[in-house]
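Presented below, as structure tokens, is a lone chain in the form predicted on its own.
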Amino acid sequence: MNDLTAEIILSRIKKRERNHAVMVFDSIDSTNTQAMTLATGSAASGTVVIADTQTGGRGRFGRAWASPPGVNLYLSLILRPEIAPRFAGIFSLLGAVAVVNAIRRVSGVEAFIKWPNDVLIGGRKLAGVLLESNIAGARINHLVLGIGLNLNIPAADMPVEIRETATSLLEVCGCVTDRAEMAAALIDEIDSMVVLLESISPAAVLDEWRRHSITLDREVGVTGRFGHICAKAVDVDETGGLILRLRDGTVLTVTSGEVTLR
């Protein structure tokens, strides 16, 4: 029996902060690509796209996301938030918090976040978040929050190039995770975080991110279009940017880049 159907997932959503249309594909190029196409049309906020496998899964910086069938979770969710565009980047951090909360809820395992949204256990990457947006002037038309979560893939089946840096819940717990249960938990937790952002403030979401951060108060390397910086990660600003203190005392904020924990 297929463990990943819209009916099963919808039956396991508990919090029901909003109505969801869930679409499950056997194979698709990318859940984010499909969700962005749907969002450009009339798809409602809360629409969820899930795939058993992706032929063109994508991560941050255009990297490929390995998406073998039958083992992991590949999920994208459409959002149409009524907030200023400058706060759009917070949804990238929000997604990581939702992943950490869903993992703890389903498996009892504590995971941590490397800025902005890599989810780690034991220093190895378990999940990643890809945020894509359509913004026009002072309005966010839509956001797509894409999540890839390694659940039941053995280390031996991971691509060679990530085998030393990635992990899965199977490797951590030694047991198989129900993908539909994790999908429902993740949808629940995203909803809860969106409610927190919209009903309280973006700052409340950032406080949740800080609770799970493995980046703050330590020396890091940050690589991006600006080159490479070695500094201490001090905090995140009101839009989710990473505040750094250089060795000469200079403080600067980066909004994009690859962080290496030192």
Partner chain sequence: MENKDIKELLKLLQGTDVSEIEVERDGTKVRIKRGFAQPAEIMVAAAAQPAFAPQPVATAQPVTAAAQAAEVAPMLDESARYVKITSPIVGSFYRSPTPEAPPFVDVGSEVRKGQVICIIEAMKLMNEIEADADGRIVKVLVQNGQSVEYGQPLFLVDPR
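Treat the numbers as computed from the prediction; the structure is a model and nothing was measured. Residue numbers count along the first chain shown, from 1.
The same protein also has a form predicted in complex with the partner chain, omitted here; what follows describes it.
Shown alone here, Leu131 lies within 4.5 Å of the partner chain in the model of the complex, counting heavy atoms only.
In the model of the complex, Glu189 stays away from the partner chain, with no heavy atom inside 4.5 Å. Within this chain, Val99 is remote from the site of the partner chain in the model of the complex, having no heavy atom within 4.5 Å. Residue contact with the partner chain in the model of the complex: Thr255 places a heavy atom within 4.5 Å of it. Only one segment in the set 134-142, 100-108, 179-187, 152-160 has any non-hydrogen atom within 4.5 angstroms of the partner chain in the model of the complex, and it is 134-142. Judged against the partner chain in the model of the complex with a 4.5 angstroms heavy atom cut-off, the residues Met36, Arg60 and Ala88 are in contact without exception.
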